[in-house]
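Here you get one chain, nothing else, as C-alpha cells; it is the form predicted alone.
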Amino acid sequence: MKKIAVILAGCGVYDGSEIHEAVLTLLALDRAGAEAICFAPDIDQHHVINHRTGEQMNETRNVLTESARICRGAISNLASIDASVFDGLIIPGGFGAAKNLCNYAFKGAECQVNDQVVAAVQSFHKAGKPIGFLCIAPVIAAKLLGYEGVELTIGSDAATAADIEAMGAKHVQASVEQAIVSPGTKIVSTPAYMLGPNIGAVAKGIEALVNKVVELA
C-alpha cells in the first residue's frame, strides 16, 4: 500500500484547510488503495474567522490542534515528517494554505513559505516523489519551484495566475474536473474551490489529482 502524506493548515475554509477538499482528498486516497498520513505545523493560526459571520474573532487557535479535527485526531507534527518513508505528498487548499502554510494571502507574489512546509516540499521533490497541490496551494509550488518553470493551475483566476507567473512558474488554465501534471515533473495541481461551483464538481478534480499522485508514486 502506498503511503501519501497530507499537509493540513487548520480547520475551515477562511482560516484553515478547506474541509471539503481535505476530506475528499482522504476519501479519494482510500478509494485508490493508498494510506493517508496527516501532518500540520505546530504553530498558531494567522487569525481565527467566525465562519458564520466572516468576522475575525478575538482568540488564538493552533494549526496542528485544529487540523486534528479533520482526521479524527490521527495527525503528527509537520516537523517530524520524513519523505523517505512516504510515496507522495498532497496539500489541500483553503485560506489556511495561504495564511498559515505561507503568507500569500497578505504578500502575494512576495510571499514567504513556512520553513517546515519548505523542507517537506523540497525533500519530496528532490526525492522524485509526486506532490499534489489543490485550490490556492499551487502558489506554494510556484514560490518554491517556480525557478524550474513548473506548470500549475488554479483554474482561471487572472490575478492569482499572474502571481504564479511572477514567481517563475507557468499557469495553465484548467476546468474544475481536471488535474494537470507539469511536464517532466511529478507536480500535480487541480483548481478545486478556486473554481467550484459545488462539492460534486470539486470531488472529480480532487479524485483525478489523487489518482495521478498515486499513479506517479
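Just so you know, these numbers come straight off a predicted model, no measurement behind them. Sequential numbering from 1, following the sequence displayed.
In what follows, reference is made to the form predicted together with another copy of the chain, a form of this protein that is not presented.
Novice: Would you classify D157 as touching another copy of the chain in the predicted bound form, given a 4.5 Å non-hydrogen atom cut-off?
Specialist: Result no; D157 lies far from another copy of the chain in the predicted bound form.
Novice: Within 4.5 Å, heavy atoms only: does E66 come near another copy of the chain in the predicted bound form?
Specialist: Yes - in the predicted bound form, heavy atoms of E66 and another copy of the chain come within 4.5 Å of each other.
Novice: Classify D30 as contacting or not contacting another copy of the chain in the predicted bound form by the rule of any non-hydrogen atom within 4.5 angstroms, answering yes or no.
Specialist: The answer is yes: D30 has a heavy atom within 4.5 Å of another copy of the chain.
Novice: Closest heavy atom of G73 to another copy of the chain in the predicted bound form, within 4.5 Å or not?
Specialist: Taking the distances in the predicted bound form, the answer for G73 is yes, it comes within 4.5 Å of another copy of the chain.
Novice: E35, E148, D42, E177: which sits within 4.5 Å of another copy of the chain in the predicted bound form by any heavy atom?
Specialist: When another copy of the chain is considered in the predicted bound form, the option within 4.5 Å is D42.
Novice: Please determine, with the chain shown alone, which of 182-190, 148-156, 22-30, 161-169 has non-hydrogen atoms within 4.5 Å of another copy of the chain in the predicted bound form.
Specialist: The contacting stretch here is 22-30.
Novice: When you measure heavy atoms, are F86, L89 and K129 every one within 4.5 angstroms of another copy of the chain in the predicted bound form?
Specialist: Result no, not one residue of the spot touches another copy of the chain.
Novice: Could you pull out the residues of 92-126 that have any heavy atom within 4.5 Å of another copy of the chain in the predicted bound form?
Specialist: Not one residue comes within 4.5 Å of the partner.
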